[in-house]
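Only one chain is included here, represented as structure tokens and corresponding to the form predicted on its own.
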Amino acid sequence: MAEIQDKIREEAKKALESGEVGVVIGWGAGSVPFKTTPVFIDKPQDADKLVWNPACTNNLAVYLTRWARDGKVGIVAKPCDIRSIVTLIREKQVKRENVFIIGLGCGGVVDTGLMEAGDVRMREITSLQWDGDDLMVTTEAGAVKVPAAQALREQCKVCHDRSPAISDVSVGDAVAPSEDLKIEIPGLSEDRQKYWQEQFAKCIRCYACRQVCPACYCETCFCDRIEPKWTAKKATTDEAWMFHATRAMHLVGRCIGCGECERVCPVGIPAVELARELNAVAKERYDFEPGDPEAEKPLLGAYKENDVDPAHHSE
């Protein structure tokens, strides 16, 4: 991983020195070794602040709609982040020529909550590195190997698209999952409606899920509009249902399942789970997958004569 990190810094420095980009968006060291934070590098000599390790969780594509609007920027991106970038380009929120992508081969990133629930004392960690299928956790007391199943985020366990879909520079090799895992899609039944009502009842309407999502790029969100008034600001189950259900419908065929919404949710709502269920419907009926660079148009911007008519379905 040290070699990959050095290569990222080299490419970022080169792009800044040549004037090809005005800024490079990447990850920097956090306040503790098991955390990272987004950084914005605009000087070649600061490229050494960029890091790459299993704690690089943030989907940095969320910054592109503002930073790449009037000029070219560089971005260090995991394969899932790149699928978000593909979506933004397809929906004409970002121009491809305004983004210099340093794409990474990936082995997944860690779920610190999952590790904290195990035997790992997060505050004692001094470094994290992948060692084959295991996570090497180094502390002041020594090093210990943690199986990937006990460390990876759920979406990383089932991800098979671990190489950059598009990039200007590709760094590192993809690491295939150690197990062929799948997430079962239960479908949108009445039982699921009850399940989601219970989940949404926990919502405090902080909107962290919206703010961290690259696909939520509207200047004014529907729930912030005064006219027409779609939903009230009250943190009630009915209002939370309106917010989450409407947002989920907006994300069909656009959510790439990065899991950022779940990571930042203070009450543990599995928001990406709902998007995953709706994307499964889009795949079944329209053969569309979010973030596919081969798709010419967005799901809701394309039409075929043999498309399924939703009016013929009861869901």
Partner chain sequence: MRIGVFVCWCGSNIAKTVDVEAVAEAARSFPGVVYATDYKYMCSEPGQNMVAEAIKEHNLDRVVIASCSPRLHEPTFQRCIGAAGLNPYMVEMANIREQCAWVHERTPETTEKAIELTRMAVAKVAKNVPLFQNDIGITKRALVIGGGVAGIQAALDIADAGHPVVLVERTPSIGGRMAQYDKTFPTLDCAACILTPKMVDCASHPLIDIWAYSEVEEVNGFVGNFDVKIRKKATCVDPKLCTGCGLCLEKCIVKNVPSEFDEGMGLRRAIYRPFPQAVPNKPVIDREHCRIFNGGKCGVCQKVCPTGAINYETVDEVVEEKFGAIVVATGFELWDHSAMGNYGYGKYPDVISAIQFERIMNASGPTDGHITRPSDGKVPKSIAFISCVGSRDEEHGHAYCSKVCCMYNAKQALLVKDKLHDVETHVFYMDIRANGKGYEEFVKRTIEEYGANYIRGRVSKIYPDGDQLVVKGADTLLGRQVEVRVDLVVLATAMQPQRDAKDLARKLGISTDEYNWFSEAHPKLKPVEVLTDGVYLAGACQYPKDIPDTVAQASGAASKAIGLFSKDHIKSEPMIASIYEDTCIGCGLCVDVCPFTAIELVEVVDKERSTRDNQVMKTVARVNEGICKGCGTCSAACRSLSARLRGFEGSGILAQIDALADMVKAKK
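Residue numbers count along the first chain shown, from 1. Note that this is a predicted model, so its numbers are computed, not measured.
We do not show the form predicted together with its partner chain, though everything after this point is about it.
Heavy atoms within 4.5 Å of its partner chain in the predicted bound form are found in one stretch of 124 to 132, 196 to 204, 68 to 76, 149 to 157, which is 68 to 76.
For the marked spot (C218, W230 and L300), a heavy atom within 4.5 Å of its partner chain in the predicted bound form is present in each of the three residues. Of the listed positions (Q211, T237, Q93, S170), a single one reaches within 4.5 angstroms of its partner chain by any non-hydrogen atom in the predicted bound form, namely Q93. Mapping the unseen interface onto this chain, R263 falls outside it, with no heavy atom inside 4.5 Å of its partner chain in the predicted bound form. Its partner chain is not drawn, but in the predicted bound form it has no heavy atom within 4.5 Å of R192.
Taking the partner from elsewhere, K145 is found to have every heavy atom lying beyond 4.5 Å of its partner chain in the predicted bound form.
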